[in-house]
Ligand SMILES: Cc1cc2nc3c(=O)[nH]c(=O)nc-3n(C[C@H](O)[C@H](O)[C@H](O)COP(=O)(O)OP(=O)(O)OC[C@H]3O[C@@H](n4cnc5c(N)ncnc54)[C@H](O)[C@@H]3O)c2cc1C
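Let's start with one chain on its own, the form predicted on its own, as structure tokens.
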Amino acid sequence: MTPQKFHDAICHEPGSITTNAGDPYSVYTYFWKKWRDREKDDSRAVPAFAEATDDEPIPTLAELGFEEPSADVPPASTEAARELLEEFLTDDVFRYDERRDYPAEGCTSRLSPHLKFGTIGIREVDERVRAVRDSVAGEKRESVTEFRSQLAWREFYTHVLYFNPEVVRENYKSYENAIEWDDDEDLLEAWKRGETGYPIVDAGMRQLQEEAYMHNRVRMIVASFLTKDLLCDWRHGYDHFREQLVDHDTANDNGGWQWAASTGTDAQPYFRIFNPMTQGERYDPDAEYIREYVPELRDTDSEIVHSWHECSPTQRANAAPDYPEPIVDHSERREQALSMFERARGEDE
């Protein structure tokens, strides 16, 4: 069988979507407008695999030098990917615009591992999404379009990485002075274990341990917490995600981490800092997601869960004695983060 190669990781190769001056985009909104309206090539058929010519068994992970994964990873096949896509496009995609940020509802496609490993092509996904979009109107159509814009985000970050390969280890955005990350090892390890005393953060980190996956809204929350509350360099978080995530994608993960750290292209402004307690209360109001992944809080009232940072030692001991107290004070750390970035910007001189 003659080997065949197809480019199907993204819809438009780097350099094909540029500013009017011919430069790559550094702002997503403008990239999205051209990506959205640009004609796409047809999807590729699933390639036929060459038949094995001997009876040698497929080597085990141990034989290849890898350890068995500790997390429960999802099925990996084109059939599984297509089933996920069709199930999502039947119902959840029509609620996606309003409900995708609520981790307990599971209103996401869960296609990211398949897009990362190529068990389904981005063009096939976009074709099906456009077909569904064209079959509906009003709010449903808007919701499908919002999901489609997330496909474009992945591609945007791929283009950014292609033209700026150094961003894997360096800040995309330069500051006048170096950012003075604190990088406290004990705080970093508590974050990795999901033992920060901030319930929504810990739930996300424990989901990562159990499933090699984390809901996207929670990814933003834990990334903001690491960089703005713990004052740790985003590279520590990126490295941990790279090791743990089944859907790790260099461009997408790097773009997300630098967005949260206010060092990336089109990033979160340094003065907009997520409050982890407010985020938990807003996006997991009944603490369903938190209770699923933090067993110490399963019998704890939602009001206590969302006010854990304000509870007295006695209240914590009575409500959830095995759950840790907050390892930092968010209000104090927020002020420290602002000062850290202002020094980097040269504003305190």
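When you see a residue number, it is the position in the sequence shown, counting from 1. Because the structure is predicted, anything quoted here is derived from the model rather than measured.
Beyond what is shown, the protein has a form predicted in complex with the ligand; the following relates to that form.
Heavy atoms within 4.5 Å of the ligand in the predicted bound form belong, among the stretches 128-136, 181-189, 249-257, 161-169, to residues of 249-257. Among 173, 236, 154, 99, the residue placing a heavy atom within 4.5 Å of the ligand in the predicted bound form is 154. Just one of 268, 112, 275, 119 comes within 4.5 Å of the ligand in the predicted bound form, counting any heavy atom, and that one is 112. Using a 4.5 Å cut-off to the ligand in the predicted bound form, not one of 293, 298 and 323 places a heavy atom inside that distance. Proximity of residue 90 to the ligand in the predicted bound form falls outside the 4.5 Å heavy atom cutoff. The ligand in the predicted bound form comes within 4.5 Å of a heavy atom belonging to residue 219. When contacts are judged by a 4.5 Å heavy atom cut-off, residue 108 counts as touching the ligand in the predicted bound form. Mapping the unseen interface onto this chain, residue 230 falls outside it, with no heavy atom inside 4.5 Å of the ligand in the predicted bound form. Contacts of stretch 202-227 with the ligand in the predicted bound form, defined by any heavy atom lying within 4.5 Å, are made by 213, 214, 215, 216, 219, 220, 223, listed in sequence order.
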